[in-house]
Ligand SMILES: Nc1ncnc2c1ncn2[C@@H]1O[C@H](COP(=O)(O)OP(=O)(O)O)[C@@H](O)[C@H]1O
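Taking the form predicted on its own, here's one chain by itself in structure tokens.
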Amino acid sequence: MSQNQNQSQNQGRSAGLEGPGAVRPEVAGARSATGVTISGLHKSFGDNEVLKGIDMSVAPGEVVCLIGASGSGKSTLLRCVNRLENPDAGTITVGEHEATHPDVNLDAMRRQIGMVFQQFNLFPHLSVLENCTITPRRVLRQSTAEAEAEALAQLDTVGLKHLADRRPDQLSGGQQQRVAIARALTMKPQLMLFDEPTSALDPETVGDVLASMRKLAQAGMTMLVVTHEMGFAREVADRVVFMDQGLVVEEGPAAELIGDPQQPRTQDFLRRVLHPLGE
């Protein structure tokens, strides 16, 4: 996508125009958002070069889905944005923070970022409410009352306020993942990273998690999502980026890229994903 196309698309989002991921005017200002810029990103594990010079950006309030086969570098890219992995070369800027600068305040930067993993990573000995308040109390120094009020509000957002007193083992996988989303939101992030959040779920629970993510997108949250859910990507994402063997092969508006990919490798991948029986 050209720079002008990208600017035009995001101006449309901020104006509340219709379309995938469009920002509703009444909630667009409810939460601040931040963007991401990645330039020349390289990452290797031993002799395996996983990222081979990635250039991409996510505008504030934009939803970008990363798709591609396992091993293409999508999750590593996401982890580099949050500096859970240290890049070998290149730069990453998250809002006002240059994430790859040697003197970056990682704690301050990470307070702007919420991340949801494949696994839920909830504390099994704590209740849902306690899972959602422990970090705001310890990191943001919120009072118990303030942290609980915010946690209950976010649990309500994902439809689980009524289960606040339950333990994780009393919840389904989909419910646990929605708690993980609520937990991330209690830190009031400006950017959300999702690393295949539905891959470990029973098919019957996937829809509830995707609905929670869709609600975030509609509220103007900046989102970078690694996913194999093509329906979600087509409906919710502003752009889709197809990666293969550590490179960005193709990117564009979600409906266009999924419906009419231009690169042979993208065409082959989507044919296998969308028509696994060769129909």
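Position 1 is the first residue in the sequence shown; the rest follow in order. Owing to the predicted nature of the structure, the values given are computational and were not obtained by experimental measurement.
The discussion below concerns the form predicted in complex with the ligand, not included here.
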Next on the checklist: Counting any non-hydrogen atom inside 4.5 Å, which residue from Gln175, Thr133, Gln154, Ser72 sits next to the ligand in the model of the complex?
Outcome noted: Ser72
Checklist outcome for this item: Answer key: of Met230, Val50, Val249, Leu210, within 4.5 Å of the ligand in the model of the complex (heavy atoms) is Val50
Checklist entry - Since the chain is shown here on its own, which stretch among 74-82, 182-190, 201-209, 165-173 would lie within 4.5 Å of the ligand in the model of the complex, judged by heavy atoms? => result 74-82
